[in-house]
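Just the one chain here, the form predicted on its own, laid out as structure tokens.
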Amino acid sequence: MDKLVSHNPLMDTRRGLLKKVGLSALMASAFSGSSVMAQGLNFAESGNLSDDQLFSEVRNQLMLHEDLIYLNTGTLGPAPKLIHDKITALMTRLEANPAIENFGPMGEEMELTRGKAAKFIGADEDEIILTRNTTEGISLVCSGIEWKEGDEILTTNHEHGGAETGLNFLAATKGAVINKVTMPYPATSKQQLLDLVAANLTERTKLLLLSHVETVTGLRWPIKEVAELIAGRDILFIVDGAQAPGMLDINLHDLGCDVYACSGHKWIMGPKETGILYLKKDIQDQVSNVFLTGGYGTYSASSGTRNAPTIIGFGDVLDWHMAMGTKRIEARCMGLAKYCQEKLQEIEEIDVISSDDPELSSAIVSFSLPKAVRNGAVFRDMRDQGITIKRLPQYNAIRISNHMFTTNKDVDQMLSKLKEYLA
């Protein structure tokens, strides 16, 4: 494959960058026949591109309206057009011979996604279950563990309602007691967070649920240190990873949690209704759920028929991330978030409620508005002007997701609109 030549502004177009990174050939081959349908999409030689070139091409690969400023990946991420087209082609292929394809070639291709997911998050393949979303993953675990009435769950008041569904099930059906720590915002140090956990553990604490990255403030919990803090105690440590993979470089064996659940359709930017559930080998015999009785394979007698095109497409988007490099993506996201936070801190009328500690921050930056300015009105007006943000009702706040395809200019335009309200 040809190496990059010296910079030529005329080449900084979608077609030019596609040619540079070899994507034109990949697009042509991806749909030329069934033998290549399972091959991952790849930014060939992306290491030769600058960050601005690479992530500009990521934006070009998306199906977002050209003039839309999309700052809400924390709710739903936009999938690359190549993934959309791949899944569409796979659906056509499946329906041409459903039983043969689903339980034959496409079923085999679908199963490859488990191995890709394991590599993506630093786990072993036999620790991975493919789900539809984070909520389903956590609920599978909560509905499949032994429990005694009065046993306690420790969590926080900043957890997502989807994760709380499983906890509430334990409370309603098995008499669990849910204790919620009131979170500081912003948090100031790792030690502050570890002290909060330690101070609220009791002899009856049997389950601890925390978010890797909080959905409210974007706080990055020190998961590894928490796992070390509770080591040796009979506590199942579940991590809600909905907001982390795709933003951060993840190694679950290093983090040390027992359970990790995430969605494929947020920061991973995969097909909707995809997800990963990780069960550490040491705790797998503690989780007994009818969905898992057939084993952890993508398709089993207990799982029933799966959506093979979507799951194969999910595997491709994992390849897409790994080809660019998850560490490189994390560095890009964090650089964008740092700029966003610095610019927000210059505005006296608002309060940034996300931590600026590099160890605790993430690509999510949230800020609360003065009482006279309602976040619902800000959200609606920005939506109508082509800027997608997230409102946080509990704090009259706004959440900004700084993913790799966004730019500092996007943030500047959002802030310009914000200042119109504050004026």
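Throughout, we count residues from 1 along the sequence that is shown. None of these values were measured; they are calculated from a predicted model.
The protein also exists as the form predicted in complex with a small molecule; that form is not presented, and the subsequent description refers to it.
Exactly one of the stretches 230-238, 186-194, 319-327, 134-142 approaches the small molecule in the predicted complex with heavy atoms within 4.5 Å, and it is 134-142.
Although the partner is absent here, T113 sits far enough away that none of its heavy atoms falls within 4.5 Å of the small molecule in the predicted complex. Proximity of R220 to the small molecule in the predicted complex falls outside the 4.5 Å heavy atom cutoff. Using a 4.5 Å cutoff between non-hydrogen atoms, H160 counts as a contact of the small molecule in the predicted complex. Though the partner is left out of this view, G74 does reach within 4.5 Å of the small molecule in the predicted complex, counting heavy atoms only. Taking the partner from elsewhere, every residue among S211, A242 and S263 has a non-hydrogen atom within 4.5 angstroms of the small molecule in the predicted complex.
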